[in-house]
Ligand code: 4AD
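In structure tokens, one chain follows: the form predicted alone.
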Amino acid sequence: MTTMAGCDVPKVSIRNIGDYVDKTVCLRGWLYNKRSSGKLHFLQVRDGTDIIQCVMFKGDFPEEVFKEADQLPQESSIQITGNVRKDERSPLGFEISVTGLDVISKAQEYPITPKEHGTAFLMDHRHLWLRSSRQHAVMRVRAQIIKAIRDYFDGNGFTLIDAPIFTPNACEGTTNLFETEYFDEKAYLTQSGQLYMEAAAAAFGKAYCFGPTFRAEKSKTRRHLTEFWMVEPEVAFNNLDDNMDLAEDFVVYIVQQVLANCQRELAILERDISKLENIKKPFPRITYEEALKILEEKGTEEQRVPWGEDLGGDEETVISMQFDRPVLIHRYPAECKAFYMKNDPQNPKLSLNVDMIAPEGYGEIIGGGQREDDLDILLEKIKAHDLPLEAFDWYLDLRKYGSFEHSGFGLGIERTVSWLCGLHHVRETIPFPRLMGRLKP
């Protein structure tokens, strides 16, 4: 169906449509939805930047053209020509009065209809589900979070240093590694870029890496993915307190940027932004032992963790519900933390580590701490954890040639997106999620 030849008026995007009020424009996109009312067709058109209503009046078109427009399948690609006008009833504030319509490609029957679909169905059609307004909003918030992360570190004297994906060693334990062949050697998909950032901190003072990380965790909880993105800053001459200050300031900045730039997306997601507006410094800081006392008072019998064990998701939820902003839990037992964490000189049974737990039950979004800077102690810890010493030769070099106090952390993007968007499951926070048993689409 063609009612015009070509497009000799300005080609616009919906995002900038307000610049063309009372002007004739050309818009290319996809039919998101439609409804008809006798002499009118209301076409909801999306172009990737937003969605706008385009109104067709029956009297302006031949009968067969108007009828065919009513039968256009969802997601057909089309070209609209029309006049932009203000419309206070529209969420966007504008609509287009259609004067011309070209069908670029008529879609087949679209599998994702406005009716309710099960999660498994939507995940099987993730490549199409991304087109929905809700998923579009989530990805916009994710993009803003990523931009805020880069802006924060780039604006505070950090240098971006890319860490490798293939590694010869484990960083977060050997039980959840993805192993692969690397010519005549074994290699692993990275769990974290932290060890490499320690080398970068020795070279640049303040460094960060940002990329995908992998954990072969056989977990189907709402907080876990096998492939996720993480940003990891590392700072020379920073102790645990400095590290907590940095993490706190960093998260406040991210939240502020999302609130400033994603109001429409948060409204689509029906997010209670008053909870996000509470995210201000200072954050509460409690020790591991204080966290255990909260669980003793507020948790169930099953949530009362014996001293020495790490906190799980249920326990983190109980603790987070006591605060209206993220809480920093520090100084866990050294026995339940990674080999590279420095022990507390005041109590060697404790680790100079910190976890940041998001409010509203969203769990740990940051894990980090002060690193062991003593060569002999680090060597003992590597042996005690039964790790292959040869894989850490280069890491030990960092303590041989000008060792120094340093600390850092990792923030998981997907859990942060889940929290800020108010989502139940992290599978919605990444364009193409990888979970146990799901390798496509």
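Please read all numbers here as calculations on a predicted model, not as lab measurements. One-based numbering along the sequence shown.
Form predicted in complex with the ligand: not shown, discussed below.
**Q** Can you pick the stretch from 272-280, 247-255, 218-226, 68-76 whose heavy atoms fall within 4.5 Å of the ligand in the predicted bound form?
**A** Of the options, only 218-226 has residues within 4.5 Å of the partner.
**Q** Is there a heavy atom of residue 194 no more than 4.5 Å from a heavy atom of the ligand in the predicted bound form?
**A** Although the ligand is absent here, residue 194 would touch it in the predicted bound form, with heavy atoms inside 4.5 Å.
**Q** So in the predicted bound form, is the ligand close enough to residue 359 to count as touching (4.5 Å, heavy atoms)?
**A** Contact with the ligand, no.
**Q** Test of understanding: in the predicted bound form, would residue 364 fall inside 4.5 Å of the ligand by heavy atoms?
**A** Yes, residue 364 is a contact residue.
**Q** Mark residue 46 yes when one of its heavy atoms lies within 4.5 Å of a heavy atom of the ligand in the predicted bound form, and no otherwise.
**A** No - in the predicted bound form, heavy atoms of residue 46 and the ligand never come within 4.5 Å of each other.
**Q** If you check 200, 230, 291, 80 against the ligand in the predicted bound form, which one has a heavy atom within 4.5 Å?
**A** The residue from 200, 230, 291, 80 that makes the contact is 230.
**Q** Sequence order please: the residues of 415-431 with a heavy atom within 4.5 Å of the ligand in the predicted bound form.
**A** The stretch 415-431, when checked against the ligand in the predicted bound form, contributes only 415 at the 4.5 Å heavy-atom cut-off.
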